[in-house]
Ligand SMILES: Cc1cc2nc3c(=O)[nH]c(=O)nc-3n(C[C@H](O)[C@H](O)[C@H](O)COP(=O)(O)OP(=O)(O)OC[C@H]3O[C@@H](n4cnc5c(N)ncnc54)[C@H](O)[C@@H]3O)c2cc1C
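Just the one chain here, laid out as structure tokens, in the form predicted on its own.
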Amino acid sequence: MRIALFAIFTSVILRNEILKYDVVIIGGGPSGCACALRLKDSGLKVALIDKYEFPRDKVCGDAIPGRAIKTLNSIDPQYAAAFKKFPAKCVTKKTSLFYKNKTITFSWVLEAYTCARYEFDNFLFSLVREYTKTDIFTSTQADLVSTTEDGISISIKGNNKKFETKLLIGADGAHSVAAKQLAAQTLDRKHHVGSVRAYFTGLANMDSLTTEIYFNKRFLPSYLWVFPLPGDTANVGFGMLSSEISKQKINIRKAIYEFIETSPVLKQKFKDAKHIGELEGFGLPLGSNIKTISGPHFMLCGDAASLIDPATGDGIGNAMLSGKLAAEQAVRCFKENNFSSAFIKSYDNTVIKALGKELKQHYQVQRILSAFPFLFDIIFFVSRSKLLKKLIKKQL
């Protein structure tokens, strides 16, 4: 009888398990991990939850820009040093742009890499495990997120476990539960890109130091990328503004192959190539129209905050920077015991100061090129001009 009562009592407790934390980070990608790493010595009780087990894949272009490494180094130089020793990557020093049999090549000053997100995200996640006291919960998917008197309550899909926190960091990607339920964000096709990505091996004339961008008159100003990865592998992808996909009724899963077939350079490059895995789609919420990225007791980071560069498609560098900035704001919130929307708004201002001007300029460049595609002909015609190359380089 006692055993039966104990079992009933235990089941009731488990059904109503409530886990309380100072900070809960939803999402273990680059922005979530950057946030957790920055909170390392904060003295705060931190939880990081992710719906998957690690390592796990993330559909992406796999380019790791200079800003990502710079941010990692600013959090702790030993993290950046560890990534330099990380073998599953390619160092990239140049980018070549192709259009109508003409090429412009740029050399970069900041260190940059290509690394499959399966590898890169797991690397960052491993840093959080090894160097911080963060409580990690994988296979844990946030379902309902709601405000309470003292903070935020997070229900978990598939069980009755709940998290309660003074401060929520929404780093859960383009389909963020936190962004939808706390900031009422919706898809804006004018500021969103639909993309597809596949892995190939056996591509001709690949240089592991060079990322390649191809433009096609049919799809301007969109582009196809070919990014080298270790093991004679390349990440190949194509993306278009979602409003244009809808307007032109384009099937981007077919368009990527049409792009390759109609380009003499690409057709030769892919002549003996072998497809690895599936062609997978993903969305890119652009930072060309930053909306609500914070509120009472919460902040949004990375793709959840729609911070992807409209011109380059870079999301990882901006994501990691926003994760770091959110962690720094979190420390200020607890220091002042102030979690109001007005106080947390300084996070928005810091993000906009760091990224806003750049994102707006890149959006303007994208719109101009979309409205006047003949500019591509002019740009590539005068591509030998050092001054022009310098101006273009600033926009990439």
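This one's a predicted model, so the numbers in the text were calculated from it and none came from an experiment. Residue numbers run from 1 along the displayed sequence.
The form predicted in complex with the ligand exists for this protein as well; it is not shown, and the discussion that follows is about that form.
Only one listed stretch (50-58, 362-370, 343-351, 324-332) carries heavy atoms within 4.5 Å of the ligand in the model of the complex, and that stretch is 50-58. Every member of the trio 117, 173 and 225 reaches the ligand in the model of the complex with some non-hydrogen atom inside 4.5 Å. Residue-level contacts in the model of the complex: of 241, 142, 104, 127, one residue has a heavy atom within 4.5 Å of the ligand, and it is 142. The contact with the ligand in the model of the complex, taken as any heavy atom within 4.5 Å, belongs to 308 out of 179, 72, 167, 308. Looking at residue 263, you'd find every heavy atom of it more than 4.5 angstroms from the ligand in the model of the complex. Though the partner is left out of this view, residue 212 does not reach within 4.5 Å of the ligand in the model of the complex, counting heavy atoms only. Shown alone here, residue 151 lies farther than 4.5 Å from the ligand in the model of the complex, counting heavy atoms only.
Taking non-hydrogen atoms only, residue 283 approaches the ligand to within 4.5 angstroms in the model of the complex. Heavy atoms closer than or equal to 4.5 Å to the ligand in the model of the complex belong, across 25-49, to the residues 26, 27, 28, 29, 30, 31, 32, 49, ordered by sequence position.
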